[in-house]
Every structure is written in structure tokens, then in C-alpha cells.
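In the form predicted alone, a lone chain appears below as C-alpha cells.
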């Protein structure tokens, strides 16, 4: 493995909250030296002038669909999309077919991802067998197989008793929960946010209460059990208020998605099934509350909920179309538009939400920081160049994206995983560059 010298970049230290104009020397997959004026004529040199260089981005919430639904996405196409999007690590949700409820499936994902050799792919184990909400999976065996968190994503565990016992049990293995929250009786197989737009279009509504009730329940359970509980893809104003109330009293945290910050239910008539997602796109009041929660530091992690589908799964019939948006390759510039351009966050804070905070939640000590002696997982971003979203150029199999044609800034231009350049100047690197 050749040495890499990143020259003249602006380094982002999200854990310290600072920026610095310095160089980085990488040797044998490790950050060997950070400082000004570094020289190494034998190293592969990257001119990072006018670029931002920071710890690799970590995505807590992706769907790579393998095993079982490889026509939508597989570990190879998903990993390619991840590094193109600047993500050095991702966490795969367990609602595959079969689900990640057995150590053999988790081991397969780890083995196959290592074989591919792009982004680090960490499996999230199912809370219950089959993600059916009834019988708990064996958390200990899943942890041994490489699982880093627990979720029944796509569904919430409806039984309070089962969720209570799972929270108690998980603490023996130091596994956090990544919870998709929806009370199914209230959601009642709805199609989109329960508001005026749904009424005018004639679609079944999913009330905000479906999310809020479950979040309130599981915050109380987290308080009583001491479990580490992370709520994924928040969508309502009240969910932010609940998080504000319980933070500091229970071990709770949350993330959002870019589409819940940039779109609302009023965009559904124009975008159709491309805007059908769970939780649904809410009202503008909810969208602004989410941004305020990020600005206040109530919401501390930014994820994608990358949910690719085959074209026929979306179709023209909104009511029958699958839920989900494919966005992994454009997640970072979407957040730049939603948060940096609107003055909600600066670059250091954005980087913290995309790297340091998810690393801390998952207990990763080697990632989320730029520090000598740490693994060289690094993302380099061009903050100023503006490119247009072209879904046809996605390397993900999923083209179900509502942001076609949007002009965005803040694109990742280099992704380095363990000292290996896997994406350069916006293109995947085929073969061994260094």
C-alpha cells in the first residue's frame, strides 16, 4: 500500500470544533502525520487546495437489500454508491429477506463486504425474529457475528412488553437501538401524511401521532431500563419536543433524513410516488421544527434512509407504490443545501453530525476523528463547485429519487477507506490506485 500525501487542504476536526490549513500523510492505512508543509516525494499526492478534508462520513441508515432483493440493490452496488457519496462506513438495516436475525446472515454481510473492499458495511441486527415483533433474536450471537446495533426497521415493535425486555437484554451486549417508530393501529396502512394534501388527493393519511406515540413510549422505556435508544428519521415537530424533554434524563438521540428537511407533503402532487416514503413527508411546520432541533443540537446525527427500489415497485399508482427514496450518492450535498446554505449549521457542525456523532453512538474509537495513529478513513469535499443531480448516473440500482435536476453544492470528491482511495474526483476507482 503506497503512502498518500494530502496537501494544502482545510482540515476539519469535528471533535474539536476547529478548522486548520494543514497536510496529512497516510502510511499503511493509518494517519501517520498531520502538520504544515509535509513533504514525501514517494507518496501519491492529492492537491486539496480549496477543499475540505475530514474524517470519513458514517451513514447510520441504509438499505442494501441483500440477501433477498438484489434486483433493488446488492452489497456491491450499495457499496459503490456509498463511497461515491463520500461514506466510508454504513450501517445496513436488517429488514432483508431473510432478515438479519441470525449470526450466519450477519457474517455473510461482513464477509461479502470485506471481499468487495469499498465502504465498511456494518450489519444492524433484528430486534425480533423475522422483524415480526414477537420473539427476541439472540443479541449475544448477533454481536459476536459483527452486528453493531439493533432495529426492526420498516416496522416498530408494537408490544411494549417485548420492547421493554429487549431494552433490558441489549444492555448486556452494549448494543444501541436504531428505532423506526410507527404505531400501526394509528397509521392504518396510510399512504402519506394526514393533512390537506392527502384529503384533496384522496389518499389515506398517516397521522403524526403514529410516530409521536411510539417515540414517547420508548423514551419512557429507555428511561426505566437505561438502554441506549436512537430514533431514526424523525419527521414531526412533537418528536423534537419529546427528544428535548428526555435528553439528559435518558440515553436517547435521533437523526433525520435530507428529504424530510427539503420536501413536504405539498410536493407529493408534483413528484408522485417518488415522494412516497416512511415516515411520510410532513407539513412545513414539522420541517422547520426539525431544522430548529438540529440547530439547537437536539438532533445530533444526519443519515440518509437510502431505500432503493426497482422501477416497477414505484409505478404510477401512488397508493400501491413502495415506500422509499434512493439518495445515498447525493446525501451530503442535499444536507449542504438544507442546512449550510440556510444557515442552520456550519461545516464543522455538519461534519460532526455525519462522522463524529455516529461513530460515538456505535462505539467506534478509530473513526470520526482526524488524529495521528487512527485509521485513515477520510472524506474530501468540494464546498463550492455546483453540479446537477442526474439520477441516470447513479451507480445505485435505485433510481427512485425525487431530486432529479436539482443544482447542488458540497459534493464529496475523494473517499479514502483504510488508506485506500476508492473514489477520486467524483468517480469510482477501479483497481489498486494506492
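Numbering follows the first chain given and starts at 1. Model, not experiment: these values are computed from the prediction.
Note that the form predicted together with a small molecule isn't included here; everything after this is about it.
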- Message: Partner absent here, but in the model of the complex, which of 238-246, 323-331, 284-292, 161-169 has residues with a heavy atom within 4.5 Å of the small molecule?
- Response: 323-331
- State yes or no: in the model of the complex, is some non-hydrogen atom of residue 255 no more than 4.5 angstroms from a non-hydrogen atom of the small molecule? no
- Message: Check residue 307 for me: does it contact the small molecule in the model of the complex (non-hydrogen atoms, 4.5 angstroms)?
- Response: yes
- is_contact(residue 222, the small molecule) in the model of the complex, heavy atom dist at most 4.5 Å: no
- Message: Can you tell me whether residue 154 touches the small molecule? I mean in the model of the complex, with a 4.5 angstroms heavy atom cut-off.
- Response: yes
- Message: To verify the annotation, which of these, 357, 113, 95, 137, has a non-hydrogen atom within 4.5 Å of the small molecule in the model of the complex?
- Response: 95
- Query: in the model of the complex, which of the listed residues (80, 120, 233, 230) lies with a heavy atom within 4.5 Å of the small molecule?
  - Reply: 233
